[in-house]
Ligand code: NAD
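Before any questions on how it binds or moves, here is one chain, the form predicted on its own, in structure tokens.
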Amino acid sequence: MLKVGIVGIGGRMGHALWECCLGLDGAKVVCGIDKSTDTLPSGCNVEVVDTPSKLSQAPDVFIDFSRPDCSFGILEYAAKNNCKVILGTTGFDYDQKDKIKEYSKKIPIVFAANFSVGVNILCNLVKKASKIMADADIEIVEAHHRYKVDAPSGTALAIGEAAAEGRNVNLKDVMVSGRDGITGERIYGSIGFSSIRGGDIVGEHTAMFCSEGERLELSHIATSRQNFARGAFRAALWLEDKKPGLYDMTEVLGLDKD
């Protein structure tokens, strides 16, 4: 039985992970990390502390959908206590992603901007479309709830990375985000991003390939956080017998990288 620790167990994603695990074979939540115990899931009867150093026993794996500053505390504890990590936190900069790679030399990590099966299939299709429609202008539009703190979303950036990979370029070199004012003509080969924030939108992403006379749109709409939770536990079970390294959902789902 895989012993799981949920980071942010009192939050929206933490609740979804708790509920998902209740009916899951092969995994059991044994602890949680949260600053407060006022919003824990109904029936939560596991040890919950505000920092991993206070845990009485380390879990086999942490599932972390928190924030970068919290995630590095989890990674540090995991490296010292031989825990695996499912990392769904977004908002990391390039230097922070390099630090995650360093931790993966010590412990197995599945790092993904989105653990939805559908989103990862979308990224796979976007990469292929980007390669085939080499002259098309690419725009990525994403929408999330009012409480999301980073933009563009980690998933939108992952879609952008897939598009850039399809064209053998670095996203940071061609990315355009937050257009405003007199911007001039669109730069050829750029990948544009637009973000919407409002209400209780779980997550919507569309990649647009705009050519003369036609437009291809590839979209994914999430209606519940349960799909992210199911993907995270699928990754956790897959990671159970893996050696230290940095893995992603492409490998978990067996999607081809070509």
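Since the structure is predicted, the reported quantities are computational estimates derived from the model, not experimental observations. Just count from 1 along the sequence shown to find any residue number.
Below: the form predicted together with nicotinamide-adenine-dinucleotide (NAD), not depicted.
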Among the candidate stretches 165-173, 121-129, 107-115, 181-189, which one is within 4.5 Å of nicotinamide-adenine-dinucleotide (NAD) in the predicted complex when only heavy atoms are counted? 107-115
With a 4.5 Å heavy atom cut-off, would you call Leu237 a contact of nicotinamide-adenine-dinucleotide (NAD) in the predicted complex? no
Find out whether any non-hydrogen atom of Val30 is located within 4.5 angstroms of nicotinamide-adenine-dinucleotide (NAD) in the predicted complex, and reply yes or no. no
Can you work out whether Asp137 and nicotinamide-adenine-dinucleotide (NAD) are in contact in the predicted complex, taking contact to mean some heavy atom pair no more than 4.5 Å apart? no
Is Met13 close enough to nicotinamide-adenine-dinucleotide (NAD) in the predicted complex to count, meaning some heavy atom within 4.5 Å? yes
Note: exactly one of Arg197, Lys35, Lys54, Arg215 sits with a heavy atom within 4.5 Å of nicotinamide-adenine-dinucleotide (NAD) in the predicted complex, namely Lys35
Please identify the residue among Ala58, Val48, Cys70, Cys44 with any heavy atom within 4.5 Å of nicotinamide-adenine-dinucleotide (NAD) in the predicted complex. Cys70
Using a 4.5 Å cut-off on heavy atoms, which residues of 88-113 contact nicotinamide-adenine-dinucleotide (NAD) in the predicted complex? Gly88, Thr89, Thr90, Ala112, Ala113
